[in-house]
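Just one chain is shown here, as C-alpha cells, and it is the form predicted on its own.
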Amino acid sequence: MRPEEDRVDIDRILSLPLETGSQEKAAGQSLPSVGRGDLMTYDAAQNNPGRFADLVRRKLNRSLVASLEACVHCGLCADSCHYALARPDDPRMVPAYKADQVRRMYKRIVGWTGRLVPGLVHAKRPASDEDLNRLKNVVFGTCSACRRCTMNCPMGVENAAIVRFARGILADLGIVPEGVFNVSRDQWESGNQMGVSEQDYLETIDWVKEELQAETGDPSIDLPVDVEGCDFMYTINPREVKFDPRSLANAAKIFKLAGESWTLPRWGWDQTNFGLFSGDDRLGGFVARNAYEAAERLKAKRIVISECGHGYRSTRWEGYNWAGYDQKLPTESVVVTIQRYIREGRITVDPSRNPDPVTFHDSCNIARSGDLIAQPRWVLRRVCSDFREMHPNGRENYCCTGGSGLLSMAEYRPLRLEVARIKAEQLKATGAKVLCTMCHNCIDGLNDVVKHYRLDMKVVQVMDLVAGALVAPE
C-alpha cells in the first residue's frame, strides 16, 4: 500500500478555482450547443447566487425534499463511504456533511425555519460566486455518487441524488469542472461523449471487421450498421471505438457463433450519458432519446447495452424520464444476452481456458442502481475455472473510485486515489490475478487503483473472458 505522505490537503481541494478556458473557447467558436442554450457557460456579470436560488425552487421535487428533510445526522453513512473510511478523522468526508452543504442552502431558500430563524437551523444561502465554486468542489470533487450510503441509511436519504441536484444547478450556471464541461460539449455536439466523428466510427467498425475476418478465417463475420428488422440494436461506449475496440470485436465474434441477428446504429450508438454525472437532465434526455429513436427507426425488437455501468443505468432506467419518452422496447445488458446464449446452448464455453483466479467488481450503477448482480456471476462461473468473490460484494461493493465522471476531473485525482485505499485493500484480499468488471468506466478507475497501489492483477471485462473461453464448432 502507498505511504501516508500521499494524504491530500482537503482545504486546497475545496478552494480549487473555476477554470473557464474551455468555456471561453466554446463561446468564441460559436458552437451550436452554446448558441442554442443547451450548453451553459459561466457569466461572472450575472447574479449567480440569485439564479442558484431560483433554480433550487424550480428543480425541487418530492423525493429530493424528503431526502433534504429526513437526515437525522446519525452518522451511519460515514461507515459506508470510502472517502470517510479512508479519512476517518475528517468530518468533511462524511456523506451527511457533503449533503448538508446543499441542505443549508435549501433551508434558507425554501424551508420556513431557515427563512425565519436561519442561525438556529444552520441555514445559509450562497452569497457569492466563491461560495458556489466551493460547493462545486464539494459535490464534484469529494463524492463519487456511488449510493452506498443510501443503501445503509436508516432514513433512506439519497445523498447521491442531493449531490446530483446541486451538480445540475451548477451546470446551468457554468460552474463546473473543466472536464465536465468538455465531455458535455462533446456529447451535445457529436452525440457521443468522446467526440467520435461518424467517419471515424464507421472506419473503426470496418477495421475491426477486417481484423476479425483475418483472425477467424471467416469472411462472413460482420459488424452490421443500420440494418432494419434485427433481433436487437447494440449500443456501445465510445471508449470501444476510440481506445479499446477489442470488446466490440469480442461482441461480434460471440454474436456470430450464436447466430444472432443484430445491428449497430449509424446514429444513437452511444449509450453512455454524461447527463447522469453532470446532473443535466436536458443532456440526459438528448442522449437517451438518440438511442430510443434509433431502435425505433431500425425496427429492432430490443436494445442490448454493452458493458457499461452508467450506460446501463441511463439507457435502461433513467433515460425515459429525462427524455419524456414513451420507450416500449425491452432493454438488457449484453451479459444477460450472453447468459441466454449459454443456457440455450447457442455458444459453447470451456472454463479451463481461463485458469487464473478471477474476482468480480460490481459496478455501482449496475448492481446498486440496476439490480444486476447474479447474472454476471452465473456467466463467470461457467467461463472461469477459479472464480472467487471479493468482500463485500453486490450492492455492498465499494466504488471503483472513478464513478460519477471523476475520471474526467483531473484536479480531484489525488484525493480519488488516496481514498482508493479502501478499494485496493479489498482487491488485494482476494488473491486474484484477474479483476473482472462489466463497465468501461470501472476498467479505467480500477486500472488507476491497481497501478497506484501496485497490485498484481490485470483488469478485464466479462466479454473478454467469455471470448477467451469460446469453443468454436467443428
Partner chain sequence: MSPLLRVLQDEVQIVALSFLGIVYVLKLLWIFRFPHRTERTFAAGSARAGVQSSLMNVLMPWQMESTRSDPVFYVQFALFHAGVLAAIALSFIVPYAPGLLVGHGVRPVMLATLIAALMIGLGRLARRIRRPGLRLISTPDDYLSLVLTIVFFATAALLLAAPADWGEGPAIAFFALTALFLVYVPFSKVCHYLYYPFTRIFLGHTLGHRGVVARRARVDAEGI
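Positions refer to the first chain, counted from 1. Bear in mind that the values here come from a model prediction, so they are computed numbers and not experimental data.
Below: the form predicted together with the partner chain, not depicted.
K.L.:
Looking at the partner-bound form in the predicted bound form, is residue 278 within 4.5 Å of the partner chain by any heavy atom?
P.N.:
Residue 278: no, not in contact with the partner chain in the predicted bound form.
K.L.:
Does residue 343 make contact with the partner chain in the predicted bound form, using a 4.5 Å heavy atom cut-off?
P.N.:
The answer is yes: residue 343 has a heavy atom within 4.5 Å of the partner chain.
K.L.:
Although the partner isn't part of this model, could you tell me whether residue 47 comes within 4.5 Å of the partner chain in the predicted bound form, counting any heavy atom of the residue?
P.N.:
No - in the predicted bound form, heavy atoms of residue 47 and the partner chain never come within 4.5 Å of each other.
K.L.:
Even though the partner isn't displayed, in the predicted bound form is residue 228 close enough to the partner chain, meaning a heavy atom within 4.5 Å?
P.N.:
Result no; residue 228 lies far from the partner chain in the predicted bound form.
K.L.:
Select, from the options 345 to 353, 89 to 97, 124 to 132, 171 to 179, the stretch whose residues sit within 4.5 angstroms of the partner chain in the predicted bound form by heavy atom distance.
P.N.:
Checking each option against the 4.5 Å cut-off leaves 89 to 97.
K.L.:
Quick one: from 369, 290, 359, 142, grab the residue that has a heavy atom within 4.5 Å of the partner chain in the predicted bound form.
P.N.:
Among 369, 290, 359, 142, a heavy atom within 4.5 Å of the partner chain in the predicted bound form occurs only for 369.
K.L.:
Need the contact residues for 147 to 173: heavy atom within 4.5 Å of the partner chain in the predicted bound form, sequence order, or none if there are none.
P.N.:
147, 148, 150, 151, 152, 153, 154, 155, 156, 158 sit within 4.5 Å of the partner.
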